[in-house]
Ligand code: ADP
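Read the single chain below, which is given as structure tokens and is the form predicted alone.
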């Protein structure tokens, strides 16, 4: 579903991604983990064709090079949730989630009953139905983040990339978002790539993990094999007192 080969990218001659290569199949659920500044967000933007300047290497989605996709055809293959969303236009929650249906519609086409049904389902899945008529400016940062997740899910793409979707969410909603993503992943075989900071969420929900450090791929494979105590200590430069239990909780003895 997604193949990345020898991906390199620099900001003003400062290397950010260094020779990154990995492959994800249809229906994989992959966590992306690493310290701040390790290139996690840049990697997702590169795959989503959202970088301001070109990268070197290859990104292939469903057997086709990224460069061959138009904006519309890419939107039918890939949904993306940014780390932060600035509310510029004050749309309702319902209308914002409906924007995820635009790639499936022709120009000037009104929403179909299918569009309405999909949006309604995603609002319910993300606990947003009671807020459907609220304006985005009336929402908290966490609520806006859940709306963006619902919008991407309504897009119904085979590949979904999410950059820290749990930011600003309380514990209950973090679990709700992750459970919704896993349900989508298992029932519809959507390939999910999600940037996480919590190892325990990665261990609970992700079957694969990509571990970055200073723009380099430190480890990639099954979450059980990647999120080991030595790998985590290496990636985050933790002193010897730090330990990680089997659930992914890190503590210092």
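Positions refer to the first chain, counted from 1. All values derive from a computational prediction rather than experimental measurement.
Omitted here: the form predicted together with ligand ADP. The next part is about that form.
- This chain appears without its partner; in the predicted bound form, the one residue of 49, 185, 204, 41 with a heavy atom within 4.5 Å of ligand ADP is 41.
- Checking 24, 235, 244, 16 for any heavy atom within 4.5 Å of ligand ADP in the predicted bound form turns up a single hit: 16.
- Of the candidate stretches 29-37, 218-226, 185-193, 56-64, only 29-37 contains residues with a heavy atom within 4.5 Å of ligand ADP in the predicted bound form.
- A residue is said to contact a partner when one of its heavy atoms sits within 4.5 Å of a partner heavy atom; residue 83 meets this definition for ligand ADP in the predicted bound form.
- For the stretch 3-19, the set of residues having any non-hydrogen atom within 4.5 angstroms of ligand ADP in the predicted bound form comprises 11, 12, 16, in sequence order.
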